[in-house]
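The data below hold one chain only, encoded as structure tokens and taken in the form predicted alone.
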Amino acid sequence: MILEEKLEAQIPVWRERVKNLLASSESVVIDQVTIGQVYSGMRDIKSLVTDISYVDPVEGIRLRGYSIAELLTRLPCLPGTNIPLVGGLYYLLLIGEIPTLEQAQAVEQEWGARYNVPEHVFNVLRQMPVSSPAMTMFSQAILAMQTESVFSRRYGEGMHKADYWRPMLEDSLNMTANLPIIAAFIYNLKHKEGKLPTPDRSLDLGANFAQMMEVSDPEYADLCRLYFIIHSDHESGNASAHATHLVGSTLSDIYYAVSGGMNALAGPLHGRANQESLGWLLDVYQQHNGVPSPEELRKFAWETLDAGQVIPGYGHAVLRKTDPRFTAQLEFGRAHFPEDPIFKLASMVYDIVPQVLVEQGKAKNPWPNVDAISGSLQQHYGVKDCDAHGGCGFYTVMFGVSRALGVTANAVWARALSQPLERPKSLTTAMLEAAAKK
């Protein structure tokens, strides 16, 4: 397997690198923690390590050192397509090198060979109320797949800790191959007749998901590739990545860990923001019986803020500029369906809302993040977020399919470098008050 061979060559070098760093510089202070940070969700405390991605406040996300724009031009594409293969991205996340087309296709073929969702996983989903939130179903399905964990079996049999990464890689490839199938089945349960999707082993992951969703427009395969690439990782401090790492640090297998990460992703302050962003756009559209004028939109934005609400999709915990992931989707929409009314509205919001937020003076960052536009692109191709049974959150399930790529790559390397059980120390408020007096 190409990924295992490449990792086997790299891991000894990285182990020695980390060993030498700790031996020579373990006591070097890299940050100071304030009481404000302790009480604000550990905001900006430098206490995690990942070499896979980094969010720069000015430049945006970099995956293995490459910006989103660089990735979209340097990762290999299939002939006749405009967006790179997701397998090429996964190769990059794990290996740290831009792959050739042949290497990217080798990862896609690995996924194709591993399409095998156990029947009991589908049965678990069938037994759940159809009104269940899509993310509840997704997390349960991942847990149900835990019965297939290679790591859990190998650990039970007894194995050297230096080899923990190998079954972790096996589990990660098996899971990331099958999550798109599970996601498509959840969509069919909620929006169609609940039939089982039929994956095509000859297609890449993005195109395969598009055909399982029964979207005939060939452009949608490219949008799926784009969506899965740009949502894949966002350094280790975001809630879904951190939750996955925390659970994984106990030596839980990847199914337990990623299910925990998906539960974090389901929150309104994290992955569910795409649902709320589209909802706000649809409210604007419906109240104005179409795309409003710029002045009408400005008035509606102020009414939202004056009511004590936020404009979803605008602002980011780290970024201080327009999210490059937003820009990539904006450019896709402009290239393929510039006259779509909801997309036109999302584009107008980008022109109007940052000015309103600056005038209000409360937002540290008035610029859009990835969630501000993603729903309008999916809706254009007929892929819905909410269903007739009152359940919503399918866009977050798609987010989860993508985020699994980043967190599993990090999990493989955490096993390879024997990263320890995560166990920060807590203090009482009285202790903090005493420290403040000193």
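Under this definition, the rigid core comprises the largest set of C-alpha atoms superposing within 1.5 Å between the forms. A quick note: this is a predicted structure, and the numbers were derived from the prediction, not measured. Start at 1 and count along the sequence shown; that's the residue number.
Heads up, the form predicted in complex with a small molecule isn't pictured, but that's what we're talking about next.
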Margin query: For the interface check, one of 285-293, 124-132, 271-279, 333-341 should have non-hydrogen atoms within 4.5 Å of the small molecule in the model of the complex; which one?
Written below: 271-279
Next item on the list: Spell out, yes or no, whether the shortest heavy atom distance between His160 and the small molecule in the model of the complex is within 4.5 Å.
Entry: no
Next item on the list: State yes or no: in the model of the complex, is some non-hydrogen atom of Lys46 no more than 4.5 angstroms from a non-hydrogen atom of the small molecule?
Entry: no
Check: Going by a heavy atom distance of 4.5 Å, is Asp371 a contact of the small molecule in the model of the complex?
Finding: yes
Checklist line | is_contact(Leu357, the small molecule) in the model of the complex, heavy atom dist at most 4.5 Å | finding: yes
Next item on the list: Give a yes or no on whether every one of Gln309, Tyr314 and Lys364 sits within 4.5 angstroms of the small molecule in the model of the complex by heavy atom.
Entry: yes
Notebook entry, point to check: With the small molecule left out of view, which of Leu203, Leu305, Leu297, Met212 would have a heavy atom within 4.5 Å of it in the model of the complex?
Noted result: Leu305
Notebook entry, point to check: After the core is overlaid between this form and the one not shown, has the C-alpha of Glu339 moved by 2 angstroms or more?
Noted result: no
Next item on the list: Once the core is aligned, please say if the CA of Gln309 is shifted by at least 2 angstroms between this form and the one not shown.
Entry: yes
